[in-house]
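This document starts with one chain, in the form predicted on its own, laid out as structure tokens.
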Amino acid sequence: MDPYAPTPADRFTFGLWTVGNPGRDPFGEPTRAPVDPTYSVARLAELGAYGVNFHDHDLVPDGTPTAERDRIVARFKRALEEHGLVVPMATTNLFRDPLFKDGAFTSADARVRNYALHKTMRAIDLGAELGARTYVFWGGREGAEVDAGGKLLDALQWYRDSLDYLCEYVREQGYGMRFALEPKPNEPRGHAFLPTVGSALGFIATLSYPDMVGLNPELAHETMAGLSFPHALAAAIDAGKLFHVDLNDQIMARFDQDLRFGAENLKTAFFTVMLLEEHYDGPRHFDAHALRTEDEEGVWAFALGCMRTYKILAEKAERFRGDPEIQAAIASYRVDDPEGTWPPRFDAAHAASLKGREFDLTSLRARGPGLERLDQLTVELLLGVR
């Protein structure tokens, strides 16, 4: 039995837009044919996936008449039931249509903002109909190249107004959904609003229903900004805001590549898996796509590769936690204070005592924490020699 073969118990999910990516890029036409959503469901089930996610137009093209929309949704439901997949998350495409060229919820045109609400409510209905409990907002066009219009503070308020309104809508409908914001620093806009996990956390605290809104951090997006994804993930976990996660890979400072999980940054992927395995029980969503060079079978090799790499790294995380030498190095790195407790409890007497304490600064300055050795042990574990 292959220990790295994916199963639904692993809770791996893909978007219709990921395995359905036709290989188009800004400089070239598609290299693969479109994929029917029900076919994607069948193939993902064969590979051992747990679920599939979608933008509204991934399943129901914009402008579809009601009767045809209902037929498409019924057919998709049958495919999910037949193959045992679920829809944990849904989202809205608010970036493709030319009317969103200067933003959706942050457009300076109030008519566009109202249309964005209209489109999103209909998409939320679709997601709820198919069982989605998390709704992701990636503000692909929420940003600017030119600041002379002076909308920066207004745009944040319009964004806030929109999310507050949609929270009210979900509450009134009784859907029980949570929202997850997906930060990204740039592309397709020159500068995006809410570019990082930290900025999104600050914004969430200003909403009318902050408990309903969390984060969907993406490995590639934080990496594009030159930041550490495990650090961003830890911030989301620490704030109790990791509602969903997007896994892929990325070369720093490049365009959004959405590479196969683990394809470039194995240590980043490893510490990501370690955090998720210890602190997150939701779906592991792969927001990535096969290279443009690949044919259809390359797409399914890509999807299987994402899941296998995650499982391999999860096993290595278990080995890391059980390796006596690594754990001894970690224990040596963390030093207790024999003359004090942590965390300290503040009172006037304790503060006076701490201010009057004499520290052995020479010894503290001279101590080496052993991080070079600990890092090398980690690398050796990842290389398979431990």
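Not measured: the values here are computed from a predicted model. When you see a residue number, it is the position in the sequence shown, counting from 1.
There is another form of this protein, the form predicted together with ligand GCO, and it is not shown here; the text below is about that form.
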With the partner left out of view, is residue 136 within 4.5 angstroms of ligand GCO in the predicted complex by any non-hydrogen atom?
yes
Residue-level contact is defined here as any heavy atom of the residue lying within 4.5 Å of ligand GCO in the predicted complex; does residue 256 satisfy this criterion?
yes
In the predicted complex, residue 300 touching ligand GCO (heavy atom, 4.5 Å):
no
Quick one: does residue 115 come within 4.5 Å of ligand GCO in the predicted complex, counting heavy atoms only?
no
Non-hydrogen atom within 4.5 Å of ligand GCO in the predicted complex for each of 91, 95 and 184
yes
In the predicted complex, which of 215-223, 261-269, 148-156, 309-317 comes within 4.5 Å of ligand GCO (heavy atoms)?
215-223
Taking only heavy atoms into account, state which residues of 1-30 are within 4.5 Å of ligand GCO in the predicted complex, ordered by sequence.
17
